[in-house]
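There is one chain below, alone, in structure tokens, taken in the form predicted on its own.
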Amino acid sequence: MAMFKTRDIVTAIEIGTSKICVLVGEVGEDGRVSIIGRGVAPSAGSVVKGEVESVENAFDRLGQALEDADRSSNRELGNTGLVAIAVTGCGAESYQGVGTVFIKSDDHKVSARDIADAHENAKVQILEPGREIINSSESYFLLDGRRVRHPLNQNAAKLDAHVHIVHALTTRMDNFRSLARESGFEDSMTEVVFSPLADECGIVSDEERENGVLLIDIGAGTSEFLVEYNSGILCSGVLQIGFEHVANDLSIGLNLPIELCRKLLEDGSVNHMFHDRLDHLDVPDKGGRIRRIPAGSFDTVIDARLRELYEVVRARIAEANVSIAPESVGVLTGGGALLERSSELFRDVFDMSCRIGQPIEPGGAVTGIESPRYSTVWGALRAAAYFNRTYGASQDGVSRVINAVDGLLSRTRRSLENLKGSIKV
């Protein structure tokens, strides 16, 4: 496709287990992004648990979504300045790195260069062969041992940057990059963002970022989580457990076809049963006869699987030595969030309030993404808009933002500009 940029156009791609989604947006002078094109195609087995299972099939499905997005955007896809790809799976892991610099200026004020160097030093930890850093986000800083969020221009002798770092297997990441490349997007205009970070960009409020948030995205094949406090991400991760496992458990436990179980979960039948406190659900069995299945049978199976998911998330957070702030709230998103029992069990397991997260302020000529199913791709589009605007404003070779994701999330309005290599998203 021709890449002649006439408007400030950005694109987001989500290649998920159940669907492949593309959004095309136009960035306004105020930095807000409006959706002008959308395309969705079923993954149809080309993606399994967040991993590309069949490159050829995924390419065909992505092509369908891209064509629909291009047509609905009045053929603006070819003017894309930057495309962000939301990824999960890929063996993604995270850790907290710590980088230190000593302030050598005569006035002992922390400079943007000091912050950039501390951030880079935090990424020095050697990864296993075949892994690469895909995102890095400043969690908080220490100035002479005192914890702060914004160290710029403060006086100190030593600066420690605590940085949340996400890394993944390069070979699996390359599958996503190859799909974008074969679809016409040059490597230089393609950035990758870890799915829970994309969610955070699209559905979490400033107040939640500051007071603390536990975000969980229940997708079809995987679930992602993220913990944030004082506008700094403290940990994140991905589990190979998704809502497809709930459908599979119902299929096995209730002796029903898995296609029927998916339908009952997706069309609201199970939700209706729980919400209206019905004591049973009538469903056709494999022979076409009607079976009357007690509501308690559905509840037992769903409860066991979702509790397991939440308990694993809680254990992963504990392993990262992260504490959830008392005033934190829960944000549940993804297709699995549409089941009422998901939020009820969240509150029970984590003993905290919970809301359903969906795209915030998705404006534009194209609508219809006001659902938790579109949280990730909407967040990726907002990230793409920020990346593109920041890169375009660069004035010299070292002025790429050290952490575009962090800058978007924290809304600090800092003038800090650093190295693009720090993002690598």
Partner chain sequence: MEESEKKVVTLLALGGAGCRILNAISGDPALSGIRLAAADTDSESLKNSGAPEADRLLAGGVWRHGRGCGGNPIDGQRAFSHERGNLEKLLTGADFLFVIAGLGGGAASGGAPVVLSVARRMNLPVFFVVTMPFSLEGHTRRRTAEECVANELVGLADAVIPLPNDLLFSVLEPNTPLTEAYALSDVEAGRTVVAMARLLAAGNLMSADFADLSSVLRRRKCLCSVGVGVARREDGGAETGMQALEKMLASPLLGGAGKLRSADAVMFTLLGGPELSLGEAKQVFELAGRQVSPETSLVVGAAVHEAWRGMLQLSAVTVKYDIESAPGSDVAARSATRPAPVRRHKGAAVQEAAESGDLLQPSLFELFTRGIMEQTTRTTWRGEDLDVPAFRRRGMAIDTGETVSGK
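Residue numbers count along the first chain shown, from 1. Remember, it's a predicted structure, so these values are computed and weren't measured experimentally.
The form predicted in complex with its partner chain exists for this protein as well; it is not shown, and the discussion that follows is about that form.
Asker: By the heavy atom within 4.5 Å rule, which residue out of 153, 188, 171, 255 makes contact with its partner chain in the model of the complex?
Answerer: Among 153, 188, 171, 255, a heavy atom within 4.5 Å of its partner chain in the model of the complex occurs only for 255.
Asker: Check each of 211, 100, 240, 178 and return the one that places a heavy atom within 4.5 angstroms of its partner chain in the model of the complex.
Answerer: Only one option qualifies, and that one is 240.
Asker: Where, among 294-302, 331-339, 143-151, 124-132, do residues come within 4.5 Å of its partner chain in the model of the complex by heavy atom distance?
Answerer: Heavy-atom contact with the partner occurs in 294-302.
Asker: Is it the case that 308, 312 and 319 all touch its partner chain in the model of the complex, with a non-hydrogen atom of each within 4.5 angstroms?
Answerer: Heavy-atom distance to its partner chain in the model of the complex: all three under 4.5 Å.
Asker: Given that its partner chain is not shown alongside this chain, does residue 162 nevertheless sit within 4.5 Å of it in the model of the complex, heavy atom to heavy atom?
Answerer: Residue 162: no contact with its partner chain in the model of the complex.
Asker: Please check if residue 290 has a heavy atom lying within 4.5 Å of any heavy atom of its partner chain in the model of the complex.
Answerer: Result yes; residue 290 sits at the interface with its partner chain in the model of the complex.
Asker: So in the model of the complex, is its partner chain close enough to residue 244 to count as touching (4.5 Å, heavy atoms)?
Answerer: So residue 244 counts as contacting its partner chain.
Asker: I'd like to check something about residue 55: if you look in the model of the complex, is any of its heavy atoms closer than or equal to 4.5 Å to a heavy atom of its partner chain?
Answerer: Heavy-atom contact with its partner chain at 4.5 Å: absent for residue 55.
Asker: Let me know which residues along 40-66 have a heavy atom within 4.5 Å of its partner chain in the model of the complex, or say none if there are none.
Answerer: Residues within 4.5 Å: 48, 49.
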